[in-house]
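Before any questions on how it binds or moves, here is one chain, the form predicted on its own, in structure tokens.
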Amino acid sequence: MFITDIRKDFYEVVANQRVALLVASDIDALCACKILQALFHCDQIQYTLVPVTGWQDLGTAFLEHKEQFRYFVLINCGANVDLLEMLQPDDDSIFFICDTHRPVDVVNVYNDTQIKLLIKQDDDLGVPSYDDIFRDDDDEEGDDSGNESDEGSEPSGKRRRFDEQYLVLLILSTMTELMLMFHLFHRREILFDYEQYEYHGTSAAMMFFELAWVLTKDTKDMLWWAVIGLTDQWVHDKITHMKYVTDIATMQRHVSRHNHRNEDEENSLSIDCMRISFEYDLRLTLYQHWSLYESICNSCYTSCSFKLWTLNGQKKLQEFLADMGLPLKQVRQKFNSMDMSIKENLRDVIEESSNKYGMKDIRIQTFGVHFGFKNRFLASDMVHAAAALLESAEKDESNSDNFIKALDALSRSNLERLHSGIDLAKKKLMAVQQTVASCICTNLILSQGPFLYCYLMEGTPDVKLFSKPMALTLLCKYLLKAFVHSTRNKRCRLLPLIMAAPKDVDKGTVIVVGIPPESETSDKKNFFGRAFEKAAESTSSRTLHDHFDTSIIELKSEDRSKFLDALITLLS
């Protein structure tokens, strides 16, 4: 059931209760969790935080906590499956679900006792009507049997009259069965249309920030976390450009309100103050914490535009730097060490030269933050740093340890952790860039008919990094963009991409990700979730559909070829 009044139907309900927070491993979920934690601390609401990486984790976490808790808050997980069917909870368990995954399961939508959906109904949800999906067949069967018993209680009369009545009943019964079959077929068709594409809705962090605003408890920290949550959706290409721009405008109004509220001199000069500003900044990843040269080389937008994996691309980059009139010595040193005279109008200089080289949207609407006088970060810097910490491949670190580290990095009191995340993010981006260059130059991307396919072999540099879902998805999107820029085959430019990488060598499993075709006007809807299910079912492939994104699965290595053959047949 959709909740219309988030304050009354959610917050006031859990205000005097103990709550279990089950939080998915993505940056938007982390930000939503930080906002909710801050609200719970304000009102001294007791809670237990449990990170969950997939459906198995979610089931285990629920079993461990169902005796102690009645109220469960699920962040970025749980909306796109029949949750009650999966968890089999007691009748008094209540689930509040704030999840960006779409489509929302119809059973969750129409359950008005245990499932409460904290989901914006402004989003284009397209939920089928109740009558089209659910039909009370028991009542109808009951009515039919009642008619038959009435007929039987009447005197038999003439044989002919009895035969006529029997024939009428038979026709009615057949018509009822035909109507039922038609309804089932119609229902299946409606559900298929509704469930065939996976996509994402409004950021969970934005939803909880709106709650804080309604409660008049919103702070600048909460606002910054909401901005990071939205930026995560843009960085990981989960929402359309139009959706991003619309939500940025909403955030901009809140930023203006907060800045206007805190304009007193004392606060603005405080050494530990926090100032959020709307920026029309460069699409150069981590450039303020790197050298400008390395940022250009390792940013997806510029790397693909120049085709930096080619000698011609490297030459074009040198021409670009010369056109800007920036000395190589300045470009190759850390951004913080560059001359102030160069930094002052750097964005305008880069934009002017970018236009000449066909990069007309080198700047993007975003937000930046100042912590005191020294530390300045863009929202995308925070996303990359937190993502790198969340999927850190260091030994002896569990998923929960990484979750806590990433959560800590979002606090302004823990800048050391944030800087360590930025260093990890740089290594990750360099690994992505090198892997993309390697795949393009060695022609590892194969056209399989209805889709493109790429497999990272065991022994590929940094292959362990790409056994993680967020890192592999980022690589997949970067690789498809690079391939579209480099191929001359027009048909291949319109194809989606499936990418596989070794997951666990000892168990003999691979992780598989599918993404939709690369297009600026793409609606970001992904059909691979349903296709993977069908292909696995038809070939009896040993797959694990454990990820909250249905387009990411694990597969036994030896089943890879038959699974791909089934996908080709299914999508042709």
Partner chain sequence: MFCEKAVELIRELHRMSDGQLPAFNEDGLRQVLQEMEALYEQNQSDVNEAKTDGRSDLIPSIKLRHCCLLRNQRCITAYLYDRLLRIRALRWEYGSVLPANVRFQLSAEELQWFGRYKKSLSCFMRSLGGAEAGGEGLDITQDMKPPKSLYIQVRCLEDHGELEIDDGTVILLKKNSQHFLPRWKCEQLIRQGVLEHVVS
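Residue numbers count along the first chain shown, from 1. Since we're looking at a predicted model, the values are computed, not measured.
This protein has a second form, the form predicted together with the partner chain, left out of what is shown; the following refers to that one.
In the predicted complex, the partner chain sits within 4.5 Å of a heavy atom of His41.
Using a 4.5 Å cutoff between non-hydrogen atoms, Arg18 counts as a contact of the partner chain in the predicted complex. Interface residue remark: Glu198 is not counted as part of the site for the partner chain in the predicted complex, having no heavy atom within 4.5 Å. Though the partner is left out of this view, Ser413 does reach within 4.5 Å of the partner chain in the predicted complex, counting heavy atoms only. Note on the partner interface in the predicted complex: the residue among Thr48, Ser522, Ser538, Gln56 having a heavy atom within 4.5 angstroms of the partner chain is Thr48. Taking Met179, Leu167, Ile404, Cys492 one by one, only a single residue has any non-hydrogen atom within 4.5 Å of the partner chain in the predicted complex, and it is Ile404. Comment: 404-412 is the region of 200-208, 387-395, 474-482, 404-412 lying near the partner chain in the predicted complex, near meaning a non-hydrogen atom within 4.5 Å. Using a 4.5 Å cut-off on any heavy atom, the residues of 50-74 that reach the partner chain in the predicted complex are, in sequence order, Pro51, Glu64, His65, Gln68.
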